[in-house]
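Next up: a single chain in C-alpha cells, the form predicted alone.
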Amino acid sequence: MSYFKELWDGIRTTAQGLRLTGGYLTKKGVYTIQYPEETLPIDKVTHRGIHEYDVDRCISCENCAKACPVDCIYIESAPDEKGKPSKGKAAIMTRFDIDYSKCLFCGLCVPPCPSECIQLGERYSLPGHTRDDMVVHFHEGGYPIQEKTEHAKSMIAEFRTENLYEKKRKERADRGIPTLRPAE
C-alpha cells in the first residue's frame, strides 16, 4: 500500500509544480534585466556592497581585522624611525587588502574603527577570472569613501588644519608607498 501512496504523492507534487510553472508562462511581464546595461535600484538601508576606505585617515589600529569573523582583512603598517611598529595617528599604512572570496559582507569591520575610515559602499560588481582578482588593494587608493559621517567630517577638518594629509602623503612618498588620493 505504501507503493501506491508514494506513487500518488509523486503525481500530486509533479502536477502542483506544473501548475505553478504554467501560471508563470501565462503571465505577461519582464522577470529579468539585461545586466550590466540595466541595474536594479539599491536599498541604501540594507545594502552591503564593496567596502570604501580612506587610506590617509587610517591609524592602523587593526580593529577591523580583529573584528572580521573570517579573517579576510590584511593590514600592515610601516615601522617608525626607531624600527618599532607604529600605531596611532602617526601610523603609515603599507597594506590594506580585503579578500572578497572570503568576505561575508557582514559589516562587523565597520563599527570598531575609531577614525571611521572604512564603511560598506554601494558598489557590488567585482568581476574577475581568478582568486587574485577577488583581493582589493585599498591602500593603493581605490574605492574612496563617498558619504562621510559627522565624526568623519570633523576628523577630516582636523586633519586639514593640522596638515596631516600632506605629512602622511610626504612620508608615504619618502618610503615608496603608493597613494592615489588626490591632493585637496
Partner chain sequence: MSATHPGSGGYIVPTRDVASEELVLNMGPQHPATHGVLRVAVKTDGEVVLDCEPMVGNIHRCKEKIAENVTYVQFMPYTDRLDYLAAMNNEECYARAAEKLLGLKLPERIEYLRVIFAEAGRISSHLMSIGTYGLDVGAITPFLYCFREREEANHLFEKISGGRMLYHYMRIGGVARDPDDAWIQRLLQFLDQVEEKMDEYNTLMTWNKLFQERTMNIGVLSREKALAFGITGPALRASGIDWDCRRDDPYGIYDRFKWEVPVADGKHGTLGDCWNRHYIRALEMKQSISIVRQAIDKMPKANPDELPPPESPHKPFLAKGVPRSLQAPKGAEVYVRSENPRGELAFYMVSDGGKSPYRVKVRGPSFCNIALLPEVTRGYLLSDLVAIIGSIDIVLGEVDR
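From a predicted model like this one, the values you see are computed outputs, not experimental measurements. Residue numbers count along the first chain shown, from 1. We call the rigid core the largest set of C-alpha positions that still match within 1.5 Å between the two forms.
Heads up, the form predicted in complex with the partner chain isn't pictured, but that's what we're talking about next.
Contact check for Leu40: a heavy atom falls within 4.5 Å of the partner chain in the predicted complex. Interface residue remark: Asn163 is not counted as part of the site for the partner chain in the predicted complex, having no heavy atom within 4.5 Å. Shown alone here, His47 lies within 4.5 Å of the partner chain in the predicted complex, counting heavy atoms only.
Contact check for Cys68: a heavy atom falls within 4.5 Å of the partner chain in the predicted complex. Applying a 4.5 Å heavy atom cutoff to the partner chain in the predicted complex picks out Cys106, Leu108, Val110, Pro111, Pro112, Glu116, Gln119 from 105-123, in order along the sequence.
After superposing the rigid core, the C-alpha of Gln16 moves by 2 Å or more between this form and the one not shown. In a rigid-core overlay of the protein, Asp43 has its C-alpha displaced by at least 2 Å between this form and the one not shown.
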